[in-house]
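What follows is one chain in structure tokens, specifically the form predicted alone.
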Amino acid sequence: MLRRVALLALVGVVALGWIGAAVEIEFWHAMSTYHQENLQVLLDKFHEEFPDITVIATYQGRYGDLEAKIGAATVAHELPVIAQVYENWVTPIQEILYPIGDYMTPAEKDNIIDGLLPSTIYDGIVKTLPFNKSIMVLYYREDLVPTPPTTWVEYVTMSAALTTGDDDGDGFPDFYGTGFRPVNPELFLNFLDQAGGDILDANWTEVLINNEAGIAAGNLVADLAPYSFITNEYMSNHFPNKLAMFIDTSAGVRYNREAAENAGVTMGVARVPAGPVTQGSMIQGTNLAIFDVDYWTEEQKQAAVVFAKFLIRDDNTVFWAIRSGYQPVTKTAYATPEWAAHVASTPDQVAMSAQMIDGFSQILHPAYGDMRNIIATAFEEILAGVATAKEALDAAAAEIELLLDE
């Protein structure tokens, strides 16, 4: 009886008809290998606490596979009750997202990290919850970078100093100060935020990416380009043998550290270099979405709320972060003894935790997915030197402008 009362309080409703009866929900996710093992630990814990709810967790492949399957399932009316999603996947269909926030207390919503909360809200209602979230930080070789750069100027200066000549005669430096994956335009969006810029204005009626702040961010990319190893592969494939430092997500720490250890060097982690306005870094990763469709019962949707809130509970988001390399998604999680002990024993997490607390998320414009591709193209053009920052961003702004008219 006590467990049922607690469940009612957790969901935040007066009564649920399914209490005492079995409810089954399907959860689609993209967590493979050891992430899937950690997820299973949480699933087992959930089933122990809530034996009336059975969560069938179904691995749907990589993120691209999961996105495609959610898109197809939307058309075919075969969506799961709950799924792991990137915000821009569900922004165009936000009208069928279940209003999770209606079943959360103000304190629960306020406890979500400030930079994450805006990415959960549609039409003033929390309709998704953050799940596996990471933050961009600076990885570096401690033997080559004893003191990591803290400003844009230091970043460019150090990158230049660490870039060596062309002994093999292939027309490219043998070793680079830094590196970029242009397929990840969030790297550019870091610089845009640090310059005080944004893609659009607050009302989504004006394109800002090519204003003064945007050009400043683009010029930084152009300044770094001669000293940057450019690839669409993961940087761990080339660090530390090809480059000295790079910006990447905290979720990649395991792979980056293994690469450094295999090469016999020590890797450090620091906050990203600060721009003229902020030292911001873009939060990466997915949210949890419940689908408010008529082929699932209200009881199943409410059960999914219980499951989603369970996953972001302090003890569980801390467990997930410690075991996965992602970061806790609630403010109070960072004050738990478990997280404090983890940070104390894991020096990498000092920078990651500090960076996460003041991170920012993507905008929830319905066309953000298309905007992201446009920005990636501009980012690549600046890095390749085929366009100046102004030329690339003016072209990007013109394309984004068309999306606002659709």
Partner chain sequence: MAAVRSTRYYVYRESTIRVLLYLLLFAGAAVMLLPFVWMLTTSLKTSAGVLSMPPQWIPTEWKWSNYIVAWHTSPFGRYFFNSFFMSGMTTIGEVILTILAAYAFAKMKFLGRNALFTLLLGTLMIPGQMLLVPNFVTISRLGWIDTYQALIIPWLASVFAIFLLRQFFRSLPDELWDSARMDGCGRFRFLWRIMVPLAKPAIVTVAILKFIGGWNAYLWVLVMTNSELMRTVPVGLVSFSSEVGTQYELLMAASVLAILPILILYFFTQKQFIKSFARTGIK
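Numbering follows the first chain given and starts at 1. Quick caveat, the model's predicted, so the values are computed rather than measured.
Omitted here: the form predicted together with the partner chain. The next part is about that form.
(request) With the partner chain left out of view, choose which of 255, 204, 122, 175 has a non-hydrogen atom within 4.5 angstroms of it in the model of the complex. (result) It is 255.
(message) Going by heavy atom distances of 4.5 angstroms or less, which of 164, 266, 237, 147 would be at the interface with the partner chain in the model of the complex?
(response) Selected residue: 237.
(message) To test your reading of this chain, name the stretch in 341-349, 356-364, 374-382, 55-63 whose heavy atoms come within 4.5 Å of the partner chain in the model of the complex.
(response) Comparing against the partner chain in the model of the complex, the contact stretch is 55-63.
(request) Please run the contact check for residue 274 against the partner chain in the model of the complex: heavy atoms, 4.5 angstroms, yes or no? (result) Flag for residue 274 set to no.
(message) When the contact criterion is heavy atoms within 4.5 Å, does residue 78 count as touching the partner chain in the model of the complex?
(response) Yes, residue 78 sits close enough to the partner chain in the model of the complex that at least one of its heavy atoms falls within 4.5 Å.
(request) Answer with yes or no whether residue 210 is in contact with the partner chain in the model of the complex, where contact means some heavy atom within 4.5 Å. (result) No - in the model of the complex, heavy atoms of residue 210 and the partner chain never come within 4.5 Å of each other.
(message) Using a 4.5 angstroms cut-off on non-hydrogen atoms, would residue 251 count as touching the partner chain in the model of the complex?
(response) Contact check for residue 251: yes, within 4.5 Å of the partner chain in the model of the complex.
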